[in-house]
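Two separate entries follow, structure 1 and structure 2, each one form of the same protein chain as structure tokens.
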Structure 1
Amino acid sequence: MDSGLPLKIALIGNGSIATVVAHHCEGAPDRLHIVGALGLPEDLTSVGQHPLVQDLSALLAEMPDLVVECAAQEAAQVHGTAVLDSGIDLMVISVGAFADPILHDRLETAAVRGKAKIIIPAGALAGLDALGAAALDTLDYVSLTTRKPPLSWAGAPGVADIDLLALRGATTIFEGTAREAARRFPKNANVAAALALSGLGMDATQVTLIADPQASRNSHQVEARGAFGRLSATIEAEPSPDNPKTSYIASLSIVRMLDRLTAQLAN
């Protein structure tokens, strides 16, 4: 029987996450093969052995089984529906795109039309596997508390009135729903949206954001209660070697998902 392996993967993105994914795939050529990557004009050299292409049609002409978006929310917005409409599964790491209800609906509708799947890796969060299982019965409460050094929040609309450099102790800069958090703190939208998709949705997931001068890493604490019992999971994330804004674990979560799609034993 034809196993369909290696899985033919196309990347959208040529940055820090694409580098980790390419490195892993090149080490497992019997299971995973990258056919090409779409980048921006400034992406001059491929981060792997695969070719860089300039537009989506050239990428889809490589007949991938799966497109992995590891670029930007805008890339999911611009290219997502075309990928799914072509009947090709789409893995999305810029999950914050799903905080926009119109885009969320467009992507799901395209997936139904194209008989394709949208796959969301856990990214920088811990506990999403258990939360997804817990959500199959009653979930009463889901929350996310994100703690980052003050300057990590700089530029967000939600801190326009706060002098981040003047903070002397841990300060709560936001409490509200995941949807509002994603709007006012776009850089936190990925984790807020990923948690919401696994649990209670954007409007019932509670988010607290903390600017902490004593924090040396970004941390995300997930709490949940429901018929399953209680969940508490915290991750203190190390940055990627070549992009301090991206947690290294997010790249690994894509790699793990690719392994689960192709491994003999998928745990």
Structure 2
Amino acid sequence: MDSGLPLKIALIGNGSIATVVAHHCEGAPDRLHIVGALGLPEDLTSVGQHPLVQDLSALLAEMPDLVVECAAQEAAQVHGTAVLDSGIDLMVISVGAFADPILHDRLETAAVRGKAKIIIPAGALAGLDALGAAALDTLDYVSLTTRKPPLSWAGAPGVADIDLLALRGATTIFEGTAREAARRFPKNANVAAALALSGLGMDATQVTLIADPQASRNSHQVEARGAFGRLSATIEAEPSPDNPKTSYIASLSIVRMLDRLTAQLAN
């Protein structure tokens, strides 16, 4: 990645996150170049200047240095192993996929086989760098409280029995582990999985999810205690303009990671 040539990037996805990533890369052609994107059958127009393909083999034939998943957990499940087996690094924004221990092991095994890396950006959370450092010593407690407008949770298996439109006040819709949160709210709880992977793991990270009719933003509050001291970090994130289930800053976290991978000074 320090050859002096632009980093060749392939995208899995052609939606709101891919749009942000494409716009940024097109503004930094000396460092970042998107060679193509894997779209869905209904995707007829690319969100950027790069071509769209409908088959992973056609995407990998472009010889990318890095594949960026910016679609959904299913994309990591279906395509992740093949990318890593090809010896190509994989950046995963749908971190909730790692809640499945079988898939987690399969991806890590493929990464070893292909001598490739799995890269996880911070997503919509603040404080992950500090938490990862804290986890190098004793870490006693990590929790996440996420609050979103009710309709941001719509369609998740975890709210199948809840009338979201009938809520008149802040309502806790889930309390449990990060693993279960990521399974029951697959399009919302990637932050829980990212936090877990940085700290105590999927089964020891406590998660509370709240549907709040008064909320205008997606908020995530991280609390942690350990040998390092105490950590408290809160972010109130604007939703993505095209997808209220995703925070805009999640897209920006991919851009930030791409910049770090190609910068002379990585901070």
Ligand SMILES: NC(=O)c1ccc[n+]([C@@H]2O[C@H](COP(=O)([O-])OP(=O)(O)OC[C@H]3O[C@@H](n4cnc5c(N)ncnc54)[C@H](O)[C@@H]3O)[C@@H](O)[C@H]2O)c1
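Please read all numbers here as calculations on a predicted model, not as lab measurements. Please note that residue numbering is based on structure 1, beginning with 1 at the start of its sequence. The term rigid core refers to the most C-alpha atoms you can superpose between the two forms while keeping them within 1.5 Å.
Any idea which of the pair is the form predicted together with this ligand? The form predicted together with this ligand is shown as structure 1.
Residue 188: CA shift of at least 2 Å between the two structures after core fit? Result for residue 188: yes, a 2 Å-plus shift.
By the 2 angstroms cut-off, has the C-alpha of residue 91 moved between the two structures once the rigid core is superposed? No, its C-alpha moves less than 2 Å.
Threshold 2 Å Cα movement between the two structures at residue 159, rigid core reference: It does shift by 2 Å or more.
After superposition on the rigid core, what is the displacement of the C-alpha atom of residue 150 between the two structures, in Å? Reported C-alpha shift between the two structures: 2.7 Å at residue 150.
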